[in-house]
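Below you'll find only one chain, the form predicted alone, shown as structure tokens.
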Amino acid sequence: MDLNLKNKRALITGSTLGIGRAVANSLLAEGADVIINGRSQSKVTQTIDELKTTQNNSSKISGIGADLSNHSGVNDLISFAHSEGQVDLLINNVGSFTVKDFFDIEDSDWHHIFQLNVMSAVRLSRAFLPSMLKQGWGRIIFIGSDQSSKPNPSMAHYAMTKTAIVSIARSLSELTRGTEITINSVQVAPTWTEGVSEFIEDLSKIEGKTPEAMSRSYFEEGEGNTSLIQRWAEPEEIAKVITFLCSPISSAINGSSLRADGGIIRSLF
């Protein structure tokens, strides 16, 4: 299916790895131009080179290394994106997570994760929504988590950020009345990304189990036991949902928080 994304320009934060990279690859395949972002310029350059080898169309790939946990890094990304032209699609994907007992989460942990996961999305939306409103078309997508709806006390600071961006997305969607702009969030399933893989491997060493056994335990006995798919989602599966939301054919979906969570949230609404 042609999603009518040719010549649209997408900015995807945190797009050198995981879900962000999968979204970049998916949008490029649909003919969109893509701006890659990561903390390291060398990693951004490597990602651009690798993505170019997978594409057989004229889509343009550019990018910049910028740390979005601070105002300066966000401003660098905004300036670069403006130099590339109109941003039609903004995917606020960047984020980090840690697992800590609630009583061990320091003030600095709360502040850092809020700046990266929430304020980067706020600052970028504030920068690019006005031009979308001026042209009357655009897409902003906030990447949430199953933790947006079922917070774990061992990830209280992370869950807080993922709930916050769902609320922000809904608030901003109210500004799009009468336009062809949509703003949505996606609550994604536990997904097998590089970060999750590293976390499981580190935890398996502490627990004296294999990573495979730790993964099985998560879905059989742990927090993942409510998942209906009973496995980690693949980044490409999540990317397909996000790519659809970027498309003009998703125009009736606005102000929503969609779940691509594998059924892990046991709730009707």
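Note that residue numbering follows the sequence shown and begins at 1. Model, not experiment: these values are computed from the prediction.
Keep in mind that the form predicted together with ligand NAD is not shown, yet the notes after this line are about it.
So which of 130 to 138, 82 to 90, 95 to 103, 177 to 185 is the stretch with heavy atoms within 4.5 Å of ligand NAD in the predicted bound form? Flagged stretch: 95 to 103.
Quick check on Glu223: any heavy atom within 4.5 Å of ligand NAD in the predicted bound form? Heavy-atom contact with ligand NAD at 4.5 Å: absent for Glu223.
Exercise: Ala10 in contact with ligand NAD in the predicted bound form, heavy atom 4.5 Å: Outside the cut-off, so no.
Verify the contact flag for Thr191: yes if a non-hydrogen atom of it lies within 4.5 Å of a non-hydrogen atom of ligand NAD in the predicted bound form, no if not. Answer yes; at least one heavy atom of Thr191 falls within 4.5 Å of ligand NAD in the predicted bound form.
In the predicted bound form, is there a heavy atom of ligand NAD that lies within 4.5 Å of any heavy atom of Gly195, even though the partner is absent here? Looking in the predicted bound form, residue contacts with ligand NAD include Gly195, since a heavy atom lies within 4.5 Å.
Counting heavy atoms only and using a 4.5 Å cut-off, do Ala66, Ser69 and Lys162 all touch ligand NAD in the predicted bound form? Every residue of the spot touches ligand NAD in the predicted bound form.
Those residues of 138 to 170 which, in the predicted bound form, come within 4.5 Å of ligand NAD by heavy atom: Contacting residues: Ile143, Gly144, Ser145, Asp146, Tyr158, Lys162.
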